[in-house]
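Presented as structure tokens, the chain that follows is alone, the form predicted alone.
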């Protein structure tokens, strides 16, 4: 049984919505991404996120070693168009060696009239787990939630700076090699446990 574009994307979208509604909750997209029977220049979890969230009306940017190949592939499947970093609705940071802090600083953060135009950044992590050294608080979290994002921690300061003037800012979706996803909406406060 292969990937069903309609039902597979709907299931993934519901999981992504759940992750965004309850920041720090790690959702598993391995079933749906495992059914993707394609040889892609991007990880299957990132491809599934792109298929579930993007369409012909959005612009996206890819920060990856195989950027041109990834952009051609994603555009063909989703119909979305590649744009410069500062114009992108969605930004894919593929590879844990990529400079996520630089990407966050360069991403569109929206403005006071259109804060919803802040970018969504989809970034690869070595691993995601609960509990961990990062303490999350804010809407969708009862008191606090502790998670671990295995990635260079420089992204946290860049994210805090980009999101300091709410409602402007960026939203983050982290994924790992096991197709697990963790959402950090701009409303979520992130601190390191002391």
Partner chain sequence: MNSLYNYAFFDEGSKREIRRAILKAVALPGYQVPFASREMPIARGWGTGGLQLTLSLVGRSDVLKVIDQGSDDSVNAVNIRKFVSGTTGVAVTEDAREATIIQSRHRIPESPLREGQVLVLQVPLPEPLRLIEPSEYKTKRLHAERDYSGAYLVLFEEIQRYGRVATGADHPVEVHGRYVMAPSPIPRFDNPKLDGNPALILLGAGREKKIYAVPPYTKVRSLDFEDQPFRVEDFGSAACGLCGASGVYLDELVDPSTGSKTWRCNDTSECASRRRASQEAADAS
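The model shown is predicted, which means the values in this text are computed figures rather than measured ones. Positions refer to the first chain, counted from 1.
The following text describes the form predicted in complex with its partner chain, which does not appear among the structures shown.
By the criterion of a heavy atom within 4.5 Å, residue 185 is counted among the residues contacting its partner chain in the model of the complex. Remark: residue 5 counts among the residues lining its partner chain in the model of the complex, judged by a heavy atom distance of 4.5 Å or less. Taking the partner from the other structure, its partner chain in the model of the complex has no heavy atom within 4.5 Å of any heavy atom of residue 82. Proximity of residue 160 to its partner chain in the model of the complex: non-hydrogen atoms within 4.5 Å are absent; the residue sits far from the partner. Distance criterion of 4.5 Å from any heavy atom to its partner chain in the model of the complex singles out 54 from the list 147, 54, 125, 29.
In plain terms, the part of the chain that comes close to its partner chain in the model of the complex, with a heavy atom within 4.5 Å, is 46-54 out of 128-136, 148-156, 46-54, 62-70. Contacts between 5-24 and its partner chain, taken as any heavy atom within 4.5 Å in the model of the complex, involve 5, 6, 7, 9, 10, 13, 14, 16, 17, 20, 21, 22.
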